[in-house]
Every structure is written in structure tokens, then in C-alpha cells.
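Only one chain is shown below, in C-alpha cells, and it's the form predicted alone.
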Amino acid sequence: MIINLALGIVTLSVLLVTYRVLRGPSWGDRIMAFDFLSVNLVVLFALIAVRTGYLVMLDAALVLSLLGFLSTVALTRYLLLGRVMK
């Protein structure tokens, strides 16, 4: 029952953060919301793995967390410097 409640709360959080990513007042707000969205999706994948027993979801959560971090760094560098790589 607790896992189902947590799934509902995290799903609601994903929907609200998705709205902030799409309608953020500035690019900085959108990047922060995107980072929070990736963290929420990692938690959602982990909760689904616990509830269903599919351990492959934990691998997907690990890959998603790495991609979320790298894309947040790349978007921030692009916003601040105008380029991603040197």
C-alpha cells in the first residue's frame, strides 16, 4: 500500500514538473525543472522495480540518472557559455 501511495505521489510530481519544463518563465527554471524531472523519473523507475520485481528497471534508472546529469550539465554550459564543448 505504501509503494502504491509513493507511486501516485511521484507520478503527480512528474506531471507537475513536466508542466514547469514546458512553461517555465526562464531557461534557468526549465533546466532546473528538467533536472528534477530526471530525478523523479529515476525514483519512479525504482518504485516500479520494487513493486513488480523487474530488476531491469533498476538498470534503466541508473542509465536515466547518468543521462539526466549529463544533459543538465550540457544545457547549463550552453546557456552560460553558448557552447557545450571546448
Partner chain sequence: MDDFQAVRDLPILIGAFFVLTAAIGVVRFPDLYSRLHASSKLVTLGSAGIFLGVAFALNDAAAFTRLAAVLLFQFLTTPLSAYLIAQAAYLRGLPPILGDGQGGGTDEWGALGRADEVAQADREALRVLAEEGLVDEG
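Residue numbers count along the first chain shown, from 1. The shown structure was predicted, so the numbers you read here are calculated from the model rather than taken from an experiment.
Below, we turn to the form predicted in complex with its partner chain, even though it does not appear here.
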*Could you tell me if residue 9 has a non-hydrogen atom within 4.5 Å of its partner chain in the predicted complex?*
yes
*Would residue 66 sit within 4.5 Å of its partner chain in the predicted complex, counting heavy atoms only?*
yes
_Residues in 15-35 with any heavy atom within 4.5 Å of its partner chain in the predicted complex_ = 16, 17, 19, 20, 24, 25, 26, 28, 29, 31, 32, 35
